Structure formats: structure tokens, C-alpha cells
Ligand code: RIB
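Starting off, we have a lone chain in the form predicted alone, written out as C-alpha cells.
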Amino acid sequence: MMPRVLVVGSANMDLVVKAPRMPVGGETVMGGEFSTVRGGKGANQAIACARMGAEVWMVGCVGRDAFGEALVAGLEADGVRCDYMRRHPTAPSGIAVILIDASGENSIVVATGANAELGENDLRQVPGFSAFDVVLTQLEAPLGAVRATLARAREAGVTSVLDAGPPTEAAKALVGGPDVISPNETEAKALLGIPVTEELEPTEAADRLIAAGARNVVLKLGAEGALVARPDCMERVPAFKIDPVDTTGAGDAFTAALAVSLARGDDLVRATTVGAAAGALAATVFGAAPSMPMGEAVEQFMRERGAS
């Protein structure tokens, strides 16, 4: 049977500009190609879960505007069930302004729009969480919706995964909520109340998150792979070497593939390895939603790298 995944989160239209480098404060940099690409951490992950072979439902909120129609149509075209996607009558659909430099690194500013209206009433439209194998959510969704999602998953005995980006001060209270929390290094520091400029070894960051109540941590380390941490052990998962084109969405592909792998019954280290492969493949394609890899491509990529 296909694993069943419920994704609760954001859907944005990404407004993407390529530039030779990132501007500094007060500077204007002449950019190049501009494009609009479907994105948002929730929508990206829902699409990635579907492409990885899961049966996927998404809970989210978009505006009654052209961007909202395009976002829902794109989700449905990728096989995501949108029964629980709400069209808000007044709020505009969320957008993200993304700058991509010549090395493929990105800088992102998000205007949440209708995503901010996602709440517990939307979750009540889902009749039962026990019908799903994994529930996946992210911090682009309002904290109230995230908190309710994690609580309902726990009540139903369903594995929950929280992508800890982008973190806020209030998000610290959610560290112990999910079965698996997956931040990158910057997000881990924010959850721990540590300045982003302060040096913090990944193992220490994971230790501190466990001490703060996290059940399982998958710390995304970019080109260095990932660190899987439980209260009793830690294990490094190496990265897959690639030539990046655009890292936008790579973290979303990672977390989604991790969630689908867990839904299939894989252990956390194996699921993290699958996530690392999916994230690497996503970084070789321009755009967020378009870069989410197919499950067959991830499997082939892992076989070629000796990680199947």
C-alpha cells in the first residue's frame, strides 16, 4: 500500500531573481533572469511526498487570486489531494521573494498572506489523523496550527515530523512536540536562543535540543550531510556530492523524503539517508516545487552512489 502523509503548511508563489551576488545593505545589484515558481515549504513538501510515492493530503490556505488558483492547480497536477485547502476571501496568497547568486545559494523574504489565516478550524476539517502514517508540518505555518497539528498526531498515535524553519522565539516551546524535529544549523541556534554568529558544533546543538525535550533530531548540515540524534546515541549521515544549481527547496525535499521513508517503516538513519539523496537532487534543478525529485530518481541516484 502507498504510505499516507498529511502535510499541514504554507503555499507561496516564489518571485525569483538571479543575481551575480547578494547585495549588502543599501546596495542595488543588477540582476538577471526573473521567474515565478510555485513554492512555500508546505506545498513543496506535499509535492515532494507525492513524487516520492506517497498518497498525500494538504491542509493550507491561499487567496482567491491568480496565485492561489495556480498554487492549488499545481498541487493537484502533482497528485496532492487539496480537499482541505481553503481559499480565503480577502487575504492575498503568500509570496516569497528569492535572490539566487552565481553559486546557487539563496536569500529569501516571505510575505505570508493567507498562510497566516491557517488555524485549528482548518485542522478540524480533517476527520481523523489516524488514517495517516506520518503527519508533516513546518514553521512557515502559524504556531497555533503547528501546535494543534502535533497534538492531534500524538493523540492519534501517528508519527509527526516538524521542519523547524523558519524559527521564531515562540517556536522554542514546540521543540518537544514532534517525534522528529529537523532544523538546519541556523534554525537550531534560533531554537536554542543562540546568536547566529556564535560558533556551535553540530553535536552540541543536537545535544542541547535533546536536553530541551526533543525526542529525535535530524540536523541538516548542507554539504556536510546530516546528524541523527536520539537521547542515547548520535550518527552522522554523509552528504551526496553534487554541483548545485539552486538550493531553494533542497531542505524541503530532504524533509519530505525523510517523512515518506519513515511512513514506509524505515528507521531514522535510513530515512535521513533517503532525505539527503532527495535534497541533493533538488539542488541540481532550478526552482522550488519544480526541483522536488521523483522517488525513482532518488532510488537510482542512491544506487549509483552505493547507498541503496
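Just count from 1 along the sequence shown to find any residue number. These numbers were taken from a predicted model, which means no experiment stands behind them.
The form predicted in complex with ligand RIB is left out here; the points below concern that form.
S.K.: Tell me, out of Ala151, Val110, Met234, Val126, which residue has a non-hydrogen atom within 4.5 angstroms of ligand RIB in the model of the complex.
M.R.: For this set of options, the contacting one is Val110.
S.K.: Taking ligand RIB in the model of the complex as the reference, which of Ala171, Ala145, Ala96, Ala205 has a non-hydrogen atom within 4.5 Å?
M.R.: Among Ala171, Ala145, Ala96, Ala205, a heavy atom within 4.5 Å of ligand RIB in the model of the complex occurs only for Ala96.
S.K.: Want to guess which of 54-62, 23-31, 273-281, 245-253 is within 4.5 Å of ligand RIB in the model of the complex, heavy atoms only?
M.R.: The contacting stretch is 245-253.
S.K.: Would you classify Val298 as touching ligand RIB in the model of the complex, given a 4.5 Å non-hydrogen atom cut-off?
M.R.: No, no contact at 4.5 Å.
S.K.: Where, within 9-23, is there a heavy atom within 4.5 Å of ligand RIB in the model of the complex? Residue list please.
M.R.: In sequence order, Asn12, Asp14 come within 4.5 Å of the partner.
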